[in-house]
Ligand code: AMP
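Okay, so here's just one chain, in structure tokens, the form predicted on its own.
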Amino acid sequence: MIRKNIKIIALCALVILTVCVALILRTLRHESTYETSFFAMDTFMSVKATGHNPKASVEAVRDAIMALDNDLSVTNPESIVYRLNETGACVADDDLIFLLNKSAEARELSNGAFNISVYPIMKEWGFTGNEFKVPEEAVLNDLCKALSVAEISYTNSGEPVKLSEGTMIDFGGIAKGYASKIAGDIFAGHKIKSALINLGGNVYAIGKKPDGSLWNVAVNSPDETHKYLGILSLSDKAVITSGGYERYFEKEGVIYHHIIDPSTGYPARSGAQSVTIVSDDPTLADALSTALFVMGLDGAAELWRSNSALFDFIFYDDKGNLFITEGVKDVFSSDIAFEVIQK
């Protein structure tokens, strides 16, 4: 009798275990995809994720990016950056400290080709308010002199940030990359392992597609010669592009774009049409896409050879030539002939 009861108990336990395993497997398989689009940071953005309750995760990302946009705006009187520029001082929050540190890193790496203190020059050209003009050369010379001695003093979050007299900053060249980083952090916290963040062409691919394959990310073409420059197949990478075609104006037959060379005060004339950075670090990638556009192909290649563990790049010049670094040659495909830059 005892043995019979033991068998019955064992059988019941096995049934319960089987049911529990089935429920767990069913729950694991019950994943869905949610996507939303919105306008922020002067561009259209889309975010999609696959997992359990992806809607909550995606909407949390959207809300965080919208809040970040308001906080970093150079024109919104309520933003921390606006107050800093107007008064020369503010109390730093975590976002501001992170961006100041990452901007300083990019500036040092690029020998000044990326500089958030270029804002007064951008403003003089009218790129901040879409009231475009070609500044007087003497004015630009004075602004470049001021830029060369601009200082930003800060320590930690909760402590003061101070700008030297005449210094103003703009995170426009790094903000979308940081927004991608914030999105990635939120998805990680929600245990989302498959997501695609597209912030106006700045793409951050998290994990792999729901079917387990790599994400295919198109590299935009800056001209009408090609639909796109090529396709990158990857996971857990940011793909961020900068080009003069994104924002520009024409005056007396001359096109002036928004990517300013801090050393001259004029739009960069480096021979680049677009530069795409591929990196694990979306914030740094955003800054470096601007920096390498300013530096030109030779400077970009030299910087990459010294820091190839940090990033790879795709460079499309103003003659229609395409160059890629060897770190992406196995994941990049294109109908355009390209040259591989070796270490």
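Just so it is clear, the structure is predicted and the values come from calculations on it, not from any experiment. Note that residue numbering begins at 1 and tracks the sequence as displayed.
Separately, the form predicted in complex with the ligand exists; it is not shown, and the next lines address it.
- By the 4.5 Å heavy atom rule, the three marked residues M122, G173 and P262 all count as contacting the ligand in the model of the complex.
- For the residues L229, A113, A238, A179, the 4.5 Å heavy atom test against the ligand in the model of the complex is passed only by A113.
- Scanning D142, D95, E105, E246 against the ligand in the model of the complex with a 4.5 Å heavy atom cut-off leaves one residue, E246.
- The ligand in the model of the complex is approached by S289, whose closest heavy atom lies within 4.5 angstroms of it.
- When the ligand is considered in the model of the complex, A300 lies well away from it, no heavy atom lying within 4.5 Å.
- With a 4.5 Å cutoff on heavy atoms, V58 does not count as touching the ligand in the model of the complex; it lies far away.
- The ligand is not drawn, but in the model of the complex it has a heavy atom within 4.5 Å of V118.
- Comment: 253-261 is the region of 253-261, 230-238, 134-142, 192-200 lying near the ligand in the model of the complex, near meaning a non-hydrogen atom within 4.5 Å.
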